[in-house]
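The chain below stands alone and is given as structure tokens, in the form predicted on its own.
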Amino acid sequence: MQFKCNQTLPERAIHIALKGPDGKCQRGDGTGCFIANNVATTPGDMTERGCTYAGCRGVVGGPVKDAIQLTHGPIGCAFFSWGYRPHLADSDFHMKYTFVSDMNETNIVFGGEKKLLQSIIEASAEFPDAKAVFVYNTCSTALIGDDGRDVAKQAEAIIGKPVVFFECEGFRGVSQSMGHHVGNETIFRQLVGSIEPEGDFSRSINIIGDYNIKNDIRTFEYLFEALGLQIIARFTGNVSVDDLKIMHKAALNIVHCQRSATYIADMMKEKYGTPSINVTLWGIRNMAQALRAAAAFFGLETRAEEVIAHEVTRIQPYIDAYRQRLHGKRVFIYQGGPRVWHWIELLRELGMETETAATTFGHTDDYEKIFNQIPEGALVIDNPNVPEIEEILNRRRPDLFISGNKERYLAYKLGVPFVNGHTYDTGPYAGFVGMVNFARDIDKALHAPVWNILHQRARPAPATHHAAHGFEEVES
């Protein structure tokens, strides 16, 4: 499949593929090779990827609720950190305040180490209840050679609490995915296992790779507790510094996001022997399977079936009603990484089919899982840019586009119903109860009266519009 917008950027062809009639990959360059992914962005490509700093600060470290989140860099880098993602917690400190060393031109010339040390001391004095200071390095401070790790050691001795330095300068990786790795490794190295509490942890777990978007954990936390399990740490959503220090005591790690958080589960397996299971916490079937897998580890299978039966009985009438309204709709999903393959089955439970899928930072194993689940003829695209997304929406005309806030207004302008799957329109979407919320938001997006008005007045001749832009009509 060739994109009109890529005539001047033919390198993008290897990142685009169709699932052929034999189930194999038909790549845009005409070969049968698998879709290219997790490689550096082609120069000239207006990528939507985040940087390593974004993945570390915005995803992994940022949700820790009682740490001072300090960016060592120019003020512009701090803009990203403030309220970008709704990692809710029972305290709003991490969402309410952001901190930055505010590097200026003079600091770039003469170095910013003194300013960083001063910033850590001042922030700690201003907020003495904070349990740690997390310092995130940026491109500029890395390029001038600031030794932030040494400053962190000095500051730790002065303020008497952990100062965790993340070497997450934006240019380190090809996308935010490297920031997830840095965040996991740094927290594990500096915090996990630093306290050895006493007590019985034989039925304890960590939830790994859930970031509590719009309170997702409230939809499944009580289900695991209903099995009789104790949750030590949520990595990282509604989690405290003290929780991270003792998470090595858990008997089992339950790994949800298998792109951003498997690193710490693997390190705990290697150092402490902690086993882990991979689960999906979205959707009825996936959530039930997650509970069954956790229960099987602890010998609680009977209790798990009781919990599942109770919850499914409660929500099934709502799901059945929504399924009648959503059946047969075609979906384009564009998310960061695993959420695409997490949600294909979920949408199928609502009677919908994923016919286009894209990720920002997916790796080969993510795309393999996507290819295994999508129907023949479905399109997959790695790291799409805005012109490509616009062409997909015009040519393939999905009934629904699920993506993030950056793409919301493009979808609206093109008259395509949209649901924010990144930070959620309302949420939460995880667990059994969240599935009802997700179905409700999809139904509202698809059946909003505005689409009839738009199609009648703003797009009186869509075929003419598409032809004028060189797009082919696609059979419905």
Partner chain sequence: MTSCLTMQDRAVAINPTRSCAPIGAMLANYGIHGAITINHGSQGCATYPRHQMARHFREPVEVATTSLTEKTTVYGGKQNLLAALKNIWERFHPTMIMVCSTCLSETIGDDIPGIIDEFLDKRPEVTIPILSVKTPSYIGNHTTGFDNFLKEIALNLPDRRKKKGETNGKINIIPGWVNPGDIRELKHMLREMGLHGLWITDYSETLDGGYYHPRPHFPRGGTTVEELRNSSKSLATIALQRHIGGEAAHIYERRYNVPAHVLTMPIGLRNTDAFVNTLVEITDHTIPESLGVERARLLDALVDTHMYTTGLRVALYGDPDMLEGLVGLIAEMGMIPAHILTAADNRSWGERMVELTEELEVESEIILKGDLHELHKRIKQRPVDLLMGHSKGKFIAEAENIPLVRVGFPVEDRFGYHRRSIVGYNGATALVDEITNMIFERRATAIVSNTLLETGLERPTDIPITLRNGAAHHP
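Here the structure is a predicted model, which is why all the values come from computation and not from measurement. Positions refer to the first chain, counted from 1.
Another form, the form predicted together with the partner chain, is not on view; read the next lines as being about it.
Taking the partner as it appears in the predicted bound form, which of 285 to 293, 399 to 407, 187 to 195, 218 to 226 has residues with heavy atoms within 4.5 Å of the partner chain?
That would be 399 to 407.
Report yes if any heavy atom of P428 sits within 4.5 Å of a heavy atom of the partner chain in the predicted bound form; otherwise report no.
Contact check for P428: no, nothing within 4.5 Å of the partner chain in the predicted bound form.
Give a yes or no for L9: in the predicted bound form, does one of its heavy atoms lie within 4.5 Å of a heavy atom belonging to the partner chain?
Heavy-atom contact with the partner chain at 4.5 Å: present for L9.
Quick check on G30: any heavy atom within 4.5 Å of the partner chain in the predicted bound form?
The answer is no: G30 has no heavy atom within 4.5 Å of the partner chain.
Partner proximity in the predicted bound form: G50 to the partner chain, non-hydrogen atom cutoff 4.5 Å:
Yes, G50 is a contact residue.
The unique member of F201, Y97, Y318, F110 whose heavy atoms fall within 4.5 Å of the partner chain in the predicted bound form:
In short, Y97.
Which of E349, E353, E390, D266 has a heavy atom within 4.5 Å of the partner chain in the predicted bound form?
Flagged contact: E390.
Would you mind checking 407 to 424 for residues with a heavy atom within 4.5 Å of the partner chain in the predicted bound form?
Heavy-atom contacts within 4.5 Å come from Y409, L410, Y412, K413, L414, G415.
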